[in-house]
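The chain below stands alone and is given in structure tokens; this is the form predicted on its own.
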């Protein structure tokens, strides 16, 4: 490897969330259409670093990934040590909309993975006119939990290693070993109780089966991309969800699992580039009309 500086720039944003001062860390690269990327449960925005270093993408898209409060480099709110972290639809939505508004992003595209893929369905249903499109990676309107969260925050268990072990089987076998372990590393570094708190949202506060049918894809296009090896959000879950959203496009990605953007970046770009090109073409057509 030769020495070189990557194009990614990291900064902190101060804003109020739920009436509390909050310090969010975000990274970005590129210019053009804002593409806000939402990380998976228990992880952080590093999962999208490969997109930010892809010149073909950053030529037309300003790729931005922020760490939710409690995650990555974002600071937990004051007093976090005397409360239990539990992510909810309301808090998640406020964080995303507040971030986009604070950066004055005009109809950004929002792409989220796993729990990020779940919340973009709510964004499209409840706040569609604010967004140029949503891309749900490993996304569905509901899934039955397959895991036991009680083990994720115990004094006698290494929570980071357990979290990584829990999700390790969700990486497709074709993924390069280097990127498999990089994906798992972010789980090993997660703060105590954070993964468990995220899964509260996923298990208890994000059943969107009653609302996805209200999404107007003429206002906010919906693209769903799911890896064929994902047994957390199975391809059938994604296809079922797409059938409930008139005009939604769904693709099952070969040789990919639950973390496509980080576990196998080269394979993922084969699927995400056509979607981004469609979004770009629509944005250009709308500007001319």
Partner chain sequence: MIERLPELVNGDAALVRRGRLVSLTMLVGVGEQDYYVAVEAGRIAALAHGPLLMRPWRFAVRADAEAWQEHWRPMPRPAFCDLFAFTKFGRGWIEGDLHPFMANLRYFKEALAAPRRLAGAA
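Keep in mind it's a predicted model, so treat the numbers as computed, not measured. Positions refer to the first chain, counted from 1.
In what follows, reference is made to the form predicted in complex with the partner chain, a form of this protein that is not presented.
A heavy atom within 4.5 Å of the partner chain in the predicted complex is found for exactly one of 98, 169, 76, 192: 169. Distance criterion of 4.5 Å from any heavy atom to the partner chain in the predicted complex singles out 154 from the list 86, 154, 203, 209. Screening 49-57, 230-238, 65-73, 216-224 for residues having heavy atoms within 4.5 Å of the partner chain in the predicted complex returns a single hit, 230-238. Residue 144 belongs to the set of residues with a heavy atom inside 4.5 Å of the partner chain in the predicted complex. Contact check for residue 165: a non-hydrogen atom falls within 4.5 Å of the partner chain in the predicted complex. In the predicted complex, the partner chain lies within 4.5 Å of some heavy atom of residue 181. By the criterion of a heavy atom within 4.5 Å, residue 173 is counted among the residues contacting the partner chain in the predicted complex.
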